[in-house]
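Here you get one chain, nothing else, as structure tokens; it is the form predicted alone.
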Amino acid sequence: MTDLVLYTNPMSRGRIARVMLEEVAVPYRTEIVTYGPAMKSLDYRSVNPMGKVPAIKHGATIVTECAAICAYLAETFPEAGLAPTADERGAYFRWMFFAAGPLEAAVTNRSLGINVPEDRRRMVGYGSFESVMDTLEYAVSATSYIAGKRFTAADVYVGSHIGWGLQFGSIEKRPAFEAYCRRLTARPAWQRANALDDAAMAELPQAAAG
């Protein structure tokens, strides 16, 4: 039995963690956690007190939050070559945390119909949705990948946000975003991960999915 476990639901951000696990290409076991009582149970809250997925357990170590999972797996399995080099570290952490902070907050607020008045933009970390989109376009246009010319774990995290945004209409369909996502989704690990989650979703009773 492997000592690496993914707790996920195929209709969740757990898809990000799945891509990362397929990229590092180490054996892991999957535990599908259904929405509702199972995800909020005391048993699962011992893994993630928030009662949310994804989470990974690696031996005695538990990691939650997708950005943290991506960074942890990249550093724990350096042979996969997904952690940043010294020259890549600045851009790697800059854009990973940009996606976890300003990008997710701006997209979520827009999806909820929350419009931050112009005179209150200094109170939110992202300023405005438009400035976030322009900054994101700059990030994916400067080089082939987020940290430079090489694919890293930061691309798993940032690329997943963009891919979902394009799919569900929460991120503008700009050519730079679409070209970036095409480079990522062409990767074998990305395709394996999506196939695994699509199969898991097909087996999940609709009432238990969410």
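Don't overthink the numbering: it's just position in the shown sequence, from 1. Predicted model, so just to flag it, every value in this text is computed and none were measured.
Another form, the form predicted together with a small molecule, is not on view; read the next lines as being about it.
> Which among 37-45, 145-153, 23-31, 171-179 is in contact with the small molecule in the predicted complex, heavy atoms within 4.5 angstroms?
It is 37-45 that comes within 4.5 Å of the partner.
> Look up in the predicted complex whether Gly159 has a non-hydrogen atom within 4.5 angstroms of the small molecule, and give yes or no.
Outside the cut-off, so no.
> Can you check whether Asn194 is within 4.5 Å of the small molecule in the predicted complex, heavy atom basis?
No, Asn194 is distant from the partner.
> Whether Arg13 contacts the small molecule in the predicted complex should be assessed with a 4.5 Å heavy atom distance threshold; does it?
Yes, Arg13 lies within 4.5 Å of the small molecule in the predicted complex.
> With the partner left out here, check for me: in the predicted complex, does some heavy atom of Pro54 sit within 4.5 Å of the small molecule?
Pro54: yes, in contact with the small molecule in the predicted complex.
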